[in-house]
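Next up: just one chain, as structure tokens, the form predicted alone.
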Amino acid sequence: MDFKQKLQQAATSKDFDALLQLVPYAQFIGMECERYGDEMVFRLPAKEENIGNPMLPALHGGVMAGFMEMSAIIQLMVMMQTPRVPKIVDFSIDYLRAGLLRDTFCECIITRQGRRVANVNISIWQSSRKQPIATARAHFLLE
């Protein structure tokens, strides 16, 4: 089964485990995904290896940014039903709170999708969606 078939199978069955197993970084940080209707929610389980500040302990900023970027890429690929990986043009992140050693969730909202470029707003939270720990805006080149 090739990547495009796995992508289609994941979109129809709403089981993204096999798809995420194909992405080494997603596998490394332990990323998971659930789909509720049209909404996709990504989950980063609490994992000691993702800690950047052991004194708090808090998630590493790079792990948070990578989780957000990877979530946006996967969501774009699933929504567009394409095996082509969107290329990142611009990524701007605002760290709002420390990401504690808890499960972290991510929501991506595609604000604009043209033929060549897509804009995505990304938000991650831990205890409440109303209290994000980081937000980001990303622009992707679609080919």
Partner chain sequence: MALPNRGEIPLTGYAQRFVDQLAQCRTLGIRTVEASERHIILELPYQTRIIGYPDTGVIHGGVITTLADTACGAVVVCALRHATGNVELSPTLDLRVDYMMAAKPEQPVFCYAECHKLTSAIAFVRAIVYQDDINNPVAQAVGSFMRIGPELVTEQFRKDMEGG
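Because the structure is a prediction, the values reported are computed rather than measured. Positions refer to the first chain, counted from 1. Superpose the two forms; the largest set of C-alphas matching within 1.5 Å is the rigid core.
Another form exists, predicted together with its partner chain; not displayed. Remarks below refer to it.
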Are all three residues 103, 107 and 125 in contact with its partner chain in the predicted complex, where contact means a non-hydrogen atom within 4.5 Å?
-> no
In this chain shown alone, the residue from 46, 40, 93, 80 with a heavy atom within 4.5 Å of its partner chain in the predicted complex is 93
Contact label in the predicted complex: residue 32 to its partner chain, heavy atom within 4.5 Å = no
Report whether the minimum heavy atom distance between residue 50 and its partner chain in the predicted complex is within 4.5 Å.
-> yes
Contact between residue 117 and its partner chain in the predicted complex at 4.5 Å, heavy atoms?
-> no
So in the predicted complex, does residue 76 come within 4.5 Å of its partner chain, heavy atom to heavy atom?
-> no
Would you mind checking 44-71 for residues with a heavy atom within 4.5 Å of its partner chain in the predicted complex?
-> 48, 49, 50, 51, 52, 53, 54, 55, 60, 61, 62, 63, 65, 66, 69, 70
For residue 7, is the C-alpha shift between the shown form and the other one 2 Å or more after core superposition?
-> yes
